[in-house]
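Before any questions on how it binds or moves, here is one chain, the form predicted on its own, in C-alpha cells.
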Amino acid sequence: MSDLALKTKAVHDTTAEKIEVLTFEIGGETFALEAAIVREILDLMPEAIVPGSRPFVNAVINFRGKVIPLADIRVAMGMPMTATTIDSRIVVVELDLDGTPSLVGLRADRVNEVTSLSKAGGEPPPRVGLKWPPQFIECLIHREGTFVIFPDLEAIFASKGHTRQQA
C-alpha cells in the first residue's frame, strides 16, 4: 500500500480514536469519563459531612477502609441541587491531584453505560450560550441527537481550591 493510501486510511480509521467511557447523568445532562480512571460504581452509602467545607466537596465516605472525599460536579457547573433517588450512585475515580494519585467519589444521578466514543470528534464548548462554565468542559460530543459532556476534572478541582496551582 502506498504512503498516501496508508495516511488516508489512518485519517478515516476512527476505531483508533475511540475510547471507552462511562456515561452518567447529572441534572438531566449526560456526562462521560474515560473508563480507565473509574475504579468503582457504588450505591449510595453513609457519608460524613465535613464541617466548614465548601459545597463542592462537603462530605467523605468510607470506601474499603479508606476515607474518600465526595465531590458534586453539579456545584461546579452551577446546576441546581436535586434529591437523591434510587438510581443515584457514587462513581469512584482515580485522579492525579497535586502529583499524587487520589481516589475521589463523584455524585451521579444515574449511571448509564460503558461505551466507546470518539473524543477526536468532540468539539470545544462554545464560549457563549452554555449554561455550564466552558472552562470546566474538555469537549462536547454529539451522539444520538444529544451532547455528551466530558468534564475537565483537573480544571474543576484546581478552580475549587482542591489542588495547588503550579507556578
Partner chain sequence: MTASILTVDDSVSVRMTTRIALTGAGYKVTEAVDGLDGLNKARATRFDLVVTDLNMPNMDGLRMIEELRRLPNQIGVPILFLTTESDATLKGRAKAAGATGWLVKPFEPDQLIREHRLDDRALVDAVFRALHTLKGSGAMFGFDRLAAFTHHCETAFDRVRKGLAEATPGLVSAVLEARDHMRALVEDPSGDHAAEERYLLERLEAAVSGAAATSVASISETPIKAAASTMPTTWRIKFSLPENSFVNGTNPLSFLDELRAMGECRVLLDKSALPPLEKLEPTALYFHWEVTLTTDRGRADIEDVFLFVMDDMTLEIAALSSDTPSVEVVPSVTENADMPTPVVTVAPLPEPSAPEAATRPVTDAADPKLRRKAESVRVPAERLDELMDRVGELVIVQSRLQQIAANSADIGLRTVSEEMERLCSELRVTMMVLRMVPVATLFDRYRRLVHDLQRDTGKKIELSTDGESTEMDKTVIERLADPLVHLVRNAADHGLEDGDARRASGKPEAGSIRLSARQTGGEVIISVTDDGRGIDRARVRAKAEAAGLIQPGATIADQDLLQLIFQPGFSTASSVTNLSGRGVGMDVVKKAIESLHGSIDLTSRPGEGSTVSLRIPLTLAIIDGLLVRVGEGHYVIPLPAVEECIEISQEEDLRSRGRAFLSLRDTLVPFIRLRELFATGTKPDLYQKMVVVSTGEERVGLIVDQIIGHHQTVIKSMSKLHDDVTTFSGATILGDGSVALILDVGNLVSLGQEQEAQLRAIA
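Keep in mind the model is a prediction, meaning the values are calculated, not measured. Positions refer to the first chain, counted from 1.
Another form, the form predicted together with its partner chain, is not on view; read the next lines as being about it.
Contact annotation for Glu20: at least one heavy atom lies within 4.5 Å of its partner chain in the predicted complex. Although the partner is absent here, Asp98 sits close enough that one of its heavy atoms falls within 4.5 Å of its partner chain in the predicted complex.
For the chain shown alone, Gly52 is a contact residue for its partner chain in the predicted complex, at least one non-hydrogen atom being within 4.5 angstroms. Its partner chain in the predicted complex is not approached by Glu123, whose heavy atoms all lie more than 4.5 angstroms from it.
Here is the short version: of Ile26, Ile61, Leu140, Leu117, the single residue with a heavy atom within 4.5 Å of its partner chain in the predicted complex is Ile61.
For the stretch 31-50, the set of residues having any non-hydrogen atom within 4.5 angstroms of its partner chain in the predicted complex comprises Ala35, Val38, Arg39, Glu40, Ile41, Leu42, Asp43, Ala48, Ile49, Val50, in sequence order.
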